[in-house]
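Taking the form predicted on its own, here's one chain by itself in C-alpha cells.
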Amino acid sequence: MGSGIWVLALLVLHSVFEGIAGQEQELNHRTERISGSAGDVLEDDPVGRLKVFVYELPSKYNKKILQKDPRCLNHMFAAEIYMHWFLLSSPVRTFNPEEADWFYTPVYTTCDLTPNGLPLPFKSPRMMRSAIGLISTNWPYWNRTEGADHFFVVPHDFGACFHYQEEKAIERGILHMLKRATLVQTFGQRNHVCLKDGSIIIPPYAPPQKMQTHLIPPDTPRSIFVYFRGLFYDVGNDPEGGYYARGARASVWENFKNNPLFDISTDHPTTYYEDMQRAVFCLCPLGWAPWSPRLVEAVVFGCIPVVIADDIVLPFADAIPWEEIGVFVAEEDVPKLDTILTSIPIEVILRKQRLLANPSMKQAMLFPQPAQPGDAFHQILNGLARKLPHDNNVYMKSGQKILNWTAGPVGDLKPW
C-alpha cells in the first residue's frame, strides 16, 4: 500500500472517531427502540398464549448424555439443553397433554463431543429416530399429526440435516421424520434444503455470565474501527483454501491484513470481549455455516455487526430489526469492505449504536440462567405462539400416513 493511501486511511480513521467521540456522552445516556411491529414483537410476553407438554423421556436421551460430558453446557449448541431446563419450570408448561398446543421432545443430539470439544452429528439421526419412535408408541399425540404440532431444538451447523459439512448436509437433507415438525435451529439460509418453511431461527449459545464479567464502562471510547478474531483459512479441512467460508474470510485477510482500519488476527486474546466493546464494527463472516456466536457477542457488546453471509436468515428476524442495527456486505464485495464501512454516515453509525444499546435487543440474543423476560427462551415461545392456532390440515385422517419411517441413509436406520 502506498504511503499516500496509508495517510488517507489514517485521516479517515481519525475523522470517524472524532465524529463519534463528539457525540459519545450523549449516546451513553440514550437508547432507541424500533417503533411498530418489530419492537412490539420483541417485547411480547408469551405466557398465557400457549401451553407446552414436555415428554418425559428415559435419561439416556438427555440427562445421562450430559453427565457423561458436562462440556456440552458451554458449547455454542447448548441451547438444546437450556431450552429443556427452561421448559421444565416455565409457566407455559402443562402436565395435561390434552390441553397442549405444542409438544416438546428433549433430545440432546449435539452432546457428542470430540476431545477438542467439537460436536459430532453422526449419532444424531439415530438418536432422534429412536426418541420419535418412543413417543409415537407410548403416547397418541405424535400419530394424530405425525409431528405437525411438535417442535424440536436442532442447533447443529446445518440443523436437522445433521452434518457439519454443507455438501454432505445437502446430500442428507432434513431427517425425514422431522418433515412435519417445527424446527428450532441456529442454521438459517434462504432457499436451502436444510431450512424448511416455518422453522424458528435462534441465536447460538454464548455464555451470558461469562460475558457479564467482561463488561467495561459504557463510556469507554470505541477506538477500533473494524475488529475480527478467528480463522481465515481451515487448512486441515480445506487445504486449497477456496471452500471454507466460500473464500470470504480469506478475502478479508488478503485485502486488509495490513490496513490500519482493520484489527484482524487469528489470535484470540484474553481481552477479546473487551476489545469488541472498544470497536465500532465487528465482522461476522460465514465459516463452514453462515452463522457463529460472533453475532451474539457483537449485539451484546454494542459493536455493529457486519454480516458477510449471502442469503443468511438471522435469529428472530420478525422481532429484531437486523437491517437497522447491522451492516450487510455481499461475499463478492469483501474487497470493497473498507470503502463500504468508511462511507457510512456518522449519523447512521450513531443510530445503530443507540439501537444496540437498548437492553431488550441484547436480552433477546441470550439464554440466561435463570431465564429473564424477553430473552431468547421467550422469543422462541413467541415464535411458537404466533403459529397458533394450528390449521385443521395438521391432523391426520383415519389411516392416513405421510412420513416414511424407512427413508434416509441405511446407517440412520440402525438402532440407537
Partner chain sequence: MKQTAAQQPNRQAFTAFRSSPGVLFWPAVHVLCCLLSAAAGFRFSRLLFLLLFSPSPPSSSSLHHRHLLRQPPPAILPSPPPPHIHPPPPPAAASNGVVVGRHGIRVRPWPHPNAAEVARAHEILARLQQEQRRRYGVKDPRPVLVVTPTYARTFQALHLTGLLHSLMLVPHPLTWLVVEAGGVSNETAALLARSRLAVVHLPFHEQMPVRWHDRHRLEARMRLHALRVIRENQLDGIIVFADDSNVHRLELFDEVQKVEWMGALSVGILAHSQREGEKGQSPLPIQGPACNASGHLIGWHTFNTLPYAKKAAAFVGDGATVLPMKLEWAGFVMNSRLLWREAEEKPGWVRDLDEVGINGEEIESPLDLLKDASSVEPLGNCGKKVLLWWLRAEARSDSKFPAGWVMDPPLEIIVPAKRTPWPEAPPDLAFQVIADDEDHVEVHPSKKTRSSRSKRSSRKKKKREAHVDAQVSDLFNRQEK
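Positions refer to the first chain, counted from 1. The shown structure was predicted, so the numbers you read here are calculated from the model rather than taken from an experiment.
This protein has a second form, the form predicted in complex with its partner chain, left out of what is shown; the following refers to that one.
Contact check for T339: a heavy atom falls within 4.5 Å of its partner chain in the predicted bound form. Interface residue remark: R129 is not counted as part of the site for its partner chain in the predicted bound form, having no heavy atom within 4.5 Å. The closest non-hydrogen atom of H150 lies beyond 4.5 Å of its partner chain in the predicted bound form. Contact annotation for Y227: none of its heavy atoms lies within 4.5 Å of its partner chain in the predicted bound form.
Taking the partner from elsewhere, every residue among D157, A289 and D311 has a non-hydrogen atom within 4.5 angstroms of its partner chain in the predicted bound form. For the options P119, G188, P106, P125, the residue carrying a heavy atom within 4.5 angstroms of its partner chain in the predicted bound form is P119. Q353 is the sole member of Q363, Q353, Q379, N62 with a non-hydrogen atom lying within 4.5 angstroms of its partner chain in the predicted bound form.
Residues with any non-hydrogen atom within 4.5 angstroms of its partner chain in the predicted bound form fall in just one of 137-145, 315-323, 194-202, 217-225: 217-225. Residues G242, Y243, Y244, R246, G247, A250, S251, E254, N255, F256, N258, N259, P260, L261, H268 of 242-278 are found to place at least one heavy atom within 4.5 Å of its partner chain in the predicted bound form.
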